[in-house]
Every structure is written in C-alpha cells, then in structure tokens.
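Just the one chain here, laid out as structure tokens, in the form predicted on its own.
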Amino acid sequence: MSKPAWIIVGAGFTGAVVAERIASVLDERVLVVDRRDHIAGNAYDYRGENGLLIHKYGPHIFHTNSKRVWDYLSRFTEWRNYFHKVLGHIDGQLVPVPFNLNSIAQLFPSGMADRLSEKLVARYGFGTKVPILKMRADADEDLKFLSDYVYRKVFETYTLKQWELRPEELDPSVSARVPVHVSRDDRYFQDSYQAMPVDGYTAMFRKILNHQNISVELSTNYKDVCGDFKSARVIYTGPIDEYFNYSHGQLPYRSLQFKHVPYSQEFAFPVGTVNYPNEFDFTRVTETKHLTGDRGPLSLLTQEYPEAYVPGTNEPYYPIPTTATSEALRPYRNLARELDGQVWFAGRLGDYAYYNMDQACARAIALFDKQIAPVRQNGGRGQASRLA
C-alpha cells in the first residue's frame, strides 16, 4: 500500500466507518492504527474454548431508530433479530428493568399495585417514558412514594456503583437513558431496529475494513507512526485529553473490569442480563448466549465491576457527563479548533460523549458527509469544524 492520505486512530465503530467511507467514496488511502491487538474496539468478540462467542468488553446489543445506520451496517452483516430483556434483583425478586407496570405488579400488593399503575397512566399516559428525576418532583403522594422507591431500589445505588456519583450530580441525560416505562413492554429498548450480527461484531468489522485502500496496523501507538506520515490527515477517536498530553489536566472517565465465569448448565438466566443495583460489587451479569444465539450444554456469565480510570492501567469506557467535566473539556475543544482541518476528533472518547454503537456509527457517517467529503471535494480549502 502506498503512503496513506489519512491516518485513523482507533478501529472501533467511528474509526472503521470513517475509514470505509474515505476508502470507498473518495478512493483515498487510509491507514487505521489501534493500540490494541484487535479490531472492533469495545465491540470485539471472539470464540472461547467452549465454542461460545464472548463479548470481551461486556454485552453489546445493537439497536437504532436510524434507517440509514441500519442500512449501512447491513451491507457488512446479516442480522439475528433479538430483543434484549433485563431483570433487576430488587427486594429479593427478579423484576423487569426498566421499571414498568409489570415490575409494579410483581413487587407490590395487588390493590396497591393497581392504584399506583392507574395513577401513573392517568398522570403521564400509557406508553410514555418518564425520567426518574422528573417523577420524583410529582406532588401526588402515591406517585411520590413510587418514585422514591424506584429511585432508592433501582437508580441510586446502581448509579453510585457505576459512576461513584449520585444521579443528581450527573447530566440528566444519564438517568433519562433508563426511565420508568408506563407500559407492559418488558424490552430494554424500543428502537425500530434491534438485532445482533449473525457472525458477531468482529466479523462485521472485518468486512467494513476489507478494502484495497485500507491498511490496518494493530498493537500500534499513533505517536509511533505519525512522524512517518506528516502530510496525512488524521481522524482521532482516542481520548482527546491524551492527544494533547493532558496539557489542561486529565479528563475523568469511568472504567470497567470484566470477569467471564463459566457456567456448567445450558442456561443460568431466563433473560440476557440481570442487574444488581443493591448487592455485590458488580453492577450486572450477562449471559451472552441469549444475545448471540449460541446453543450447547455450557454457558458463560460476564460480571461487570465499575472502577475509576487510571491511564496505563485500565481502559477509559465512559466519559463522565457533569457540569464540571463540560468546563474541563472546553480548553481541549479550543485546542482542537486550532488544528485547521488537519485533525478531526470523533467518537465516544474523541468527542468526550456518551454514545451508543449506532450513535458512534451515525457520528462517523455525518463527519464524513458534512466535513471530510466537502473539504476534499474543495481541494482541501476552506474552514472545517472538527467537533460537530
């Protein structure tokens, strides 16, 4: 492969999709580098010794309302329809999460459950989703009781374990990701498209990156190769503060440790994931066979243990969305704008944003369509914003 016109740092969703777009549409050479020894980023999966597909970095369930994202990824994989369901261990019972009318019926005496459900429907409407912090502000005595119960039993302790912060200290978008559902729909997501890649995520990424204009170098640090291709433009999907050598301080992230535990029976759980908001050090346990469709006499359970991110020790999984971190990000955004179209930052770590997989894919497509392609078609002239 001749000298690349582009270096893309990170072979996860954002990096791989941008690489494919540049290679296919612009017919330009792309070098994708990743410091890990595999493609697919945190969506990486592989076959374990017992033949089961393992999600190394925890469960990844694809869901989206974007037909464009769905159609794009469908070029690189067939899908297995899958509706993810989650149970929460609450007061000694396994109840549907997100909390809904079925959860109420299971946890409370029938008369009380009926009264609470009727008031929820009357107040918010059947089929709606209500953020827990909004519900806590309700003046009705019964709904206040219910919201306080759900807050304590489902949100508060889980959030403390996951983030080491209380729900009120985080951006409201975090608690809004798992609202109370005023319905009996036990699916964790209600998106129009919900499925799993038939052969797994890694196989899908291989096809995305399988282009004559794309070269991939793994176990490679960007700083070790950037000097060899000084004229190349860069898409950087790693931590934005790391790129600038933490010149304005280290941005906070949350990390995770995963423990993959063999299970000697066909299934341990009736659903894909069980959350433990109040007990144990882990937040949830996932039985990946439900997700992948694997069958056989054995199973595998993946436990997730949240922890603080320490550079060089573990991985930065989640930017921490608070008012303080928004302010801490500002000087790095300003530095990014000074790079005059030579470097673009994107993805969960590059944008310092809490993206789902489909959002990371959509971000990559939008970055190419709105910024990269117009600049290249203009001969590289003109102002380009690196942070949409």
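Just so we're clear, the structure is a prediction, and the values are computed from it rather than from any experiment. We number the residues from 1 along the sequence you see.
What comes next is about the form predicted in complex with flavin-adenine dinucleotide, which does not appear here.
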Revision key, fill the gap. TL;DR on 322 to 330, 351 to 359, 65 to 73, 45 to 53: the one with heavy atoms within 4.5 Å of flavin-adenine dinucleotide in the predicted complex is 351 to 359
Exercise for review: Using the partner position in the predicted complex, report whether Tyr222 sits within 4.5 Å of flavin-adenine dinucleotide, counting heavy atoms only.
Suggested key: yes
Review point. Should Arg337 be counted as a contact of flavin-adenine dinucleotide in the predicted complex, where contact means heavy atoms within 4.5 Å?
Key: no
**Study point:** Gly238: touches flavin-adenine dinucleotide in the predicted complex, heavy atom cutoff 4.5 angstroms
**Key:** yes
Check your understanding: Should Asp138 be counted as a contact of flavin-adenine dinucleotide in the predicted complex, where contact means heavy atoms within 4.5 Å?
Key -> no
Check your understanding: With flavin-adenine dinucleotide left out of view, which of Val130, Leu256, Leu300, Val216 would have a heavy atom within 4.5 Å of it in the predicted complex?
Key -> Leu256
Study note, to complete from the structure: The one option of Tyr149, Phe269, Tyr317, Tyr124 with any heavy atom within 4.5 Å of flavin-adenine dinucleotide in the predicted complex is Tyr317
Exercise for review: Check each residue of 46 to 63 against flavin-adenine dinucleotide in the predicted complex and list those with a heavy atom within 4.5 Å, in sequence order.
Suggested key: Tyr57, Gly58, Pro59, His60, Ile61, His63
